[in-house]
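Just the one chain here, laid out as structure tokens, in the form predicted alone.
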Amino acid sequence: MHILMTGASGLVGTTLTAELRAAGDTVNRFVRPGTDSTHSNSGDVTWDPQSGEMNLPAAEGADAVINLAGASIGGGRWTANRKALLRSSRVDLTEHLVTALARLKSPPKIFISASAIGFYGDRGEESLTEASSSGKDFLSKITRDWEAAAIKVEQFGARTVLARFGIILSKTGGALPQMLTPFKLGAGGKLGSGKQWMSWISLDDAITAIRTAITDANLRGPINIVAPNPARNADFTRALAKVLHRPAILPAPAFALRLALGEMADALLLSSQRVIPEKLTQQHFKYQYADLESALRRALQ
């Protein structure tokens, strides 16, 4: 299978590219105009995500496109400029990508676009499936618009998957490395009340879920890419402390988190999202790491 990918240098993209190539698939990246030849490979497609200009002949005939691009949600305090970047690197980029793909004579038959469980917003004790409504906060609105941009590929008949990722457990990227420092210093603890639900997945299972979405024609629309056992923040904290052999005795009060991080604290650390992977379960998806402690040990080994 020939696959084109945005965001190939990110946490998911790097691992996914390696596994797909090892399985015999051809994976090429979308690269910006002027990219040094030492950083591109034969078959990579030149594309400007701001203007939308693409080397269309190079993109012809790909079986699938995987869109993983997007600036890091936790990469800086949410100033007005940062919020604009978070939106443009998701919504605008995806709109430009879909518009370009629609001009192909032979467009891809499969389109997988990253999304996030931030779609649901802060939902307390509610169990959330792919059929649940979206929230009303900043992240919910971005994610809703992001998905709306992606689903437009259906205009040329592509099967579309919206990959709503939970917290991906890996020591090389995502949220986990940021959680480790206070624990290693003996200062880890629950965040706020500790009652909020955290929906997580191991990197291995996230990659397998994407590969399944590529090949399984029954998977389309939003897919919750999370483990079947979400954990309360206090339980997540205890499991992480156990794996690290460190205490978890110094909680971070909600007011302190808000003072340090502003709006981002509520969206990323204090909101509760009890997300259920209903569609993956219906397809009898086999998790390697459905247990939180085993997933953390795998991530940190």
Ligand SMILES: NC(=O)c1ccc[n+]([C@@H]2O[C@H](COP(=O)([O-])OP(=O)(O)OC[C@H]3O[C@@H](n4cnc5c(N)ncnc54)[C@H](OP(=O)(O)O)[C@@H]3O)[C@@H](O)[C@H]2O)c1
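Note that residue numbering follows the sequence shown and begins at 1. The shown structure was predicted, so the numbers you read here are calculated from the model rather than taken from an experiment.
Absent from the display: the form predicted together with the named molecule. The rest refers to it.
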- Task: Answer for Trp197 alone: is it within 4.5 Å of the named molecule in the predicted bound form, judged on heavy atom distances?
- Result: no
- Mark Phe183 yes when one of its heavy atoms lies within 4.5 Å of a heavy atom of the named molecule in the predicted bound form, and no otherwise. no
- Though only this chain appears here, would Phe111 touch the named molecule in the predicted bound form if you measure heavy atom gaps against 4.5 Å? no
- Check whether Val12 has any heavy atom within 4.5 Å of a heavy atom of the named molecule in the predicted bound form, and answer yes or no. yes
- Query: Any chance all of Leu20, Val27 and Val65 sit within 4.5 Å of the named molecule in the predicted bound form, going by non-hydrogen atoms?
  - Reply: no
- Query: Out of Ala209, Leu93, Ala149, Ala158, which one falls within 4.5 Å of the named molecule in the predicted bound form, going by heavy atoms?
  - Reply: Leu93
- the named molecule in the predicted bound form has a heavy atom of only one listed residue within 4.5 Å, and of Leu85, Met179, Ile214, Ala187 that residue is Leu85
- Message: Within 4.5 angstroms, counting heavy atoms, which one of the listed stretches 189-197, 69-77, 227-235, 99-107 is next to the named molecule in the predicted bound form?
- Response: 69-77
- Though the partner is not shown here, which residues of 150-172 have a heavy atom within 4.5 Å of the named molecule in the predicted bound form? Phe165, Gly166, Ile167, Ile168
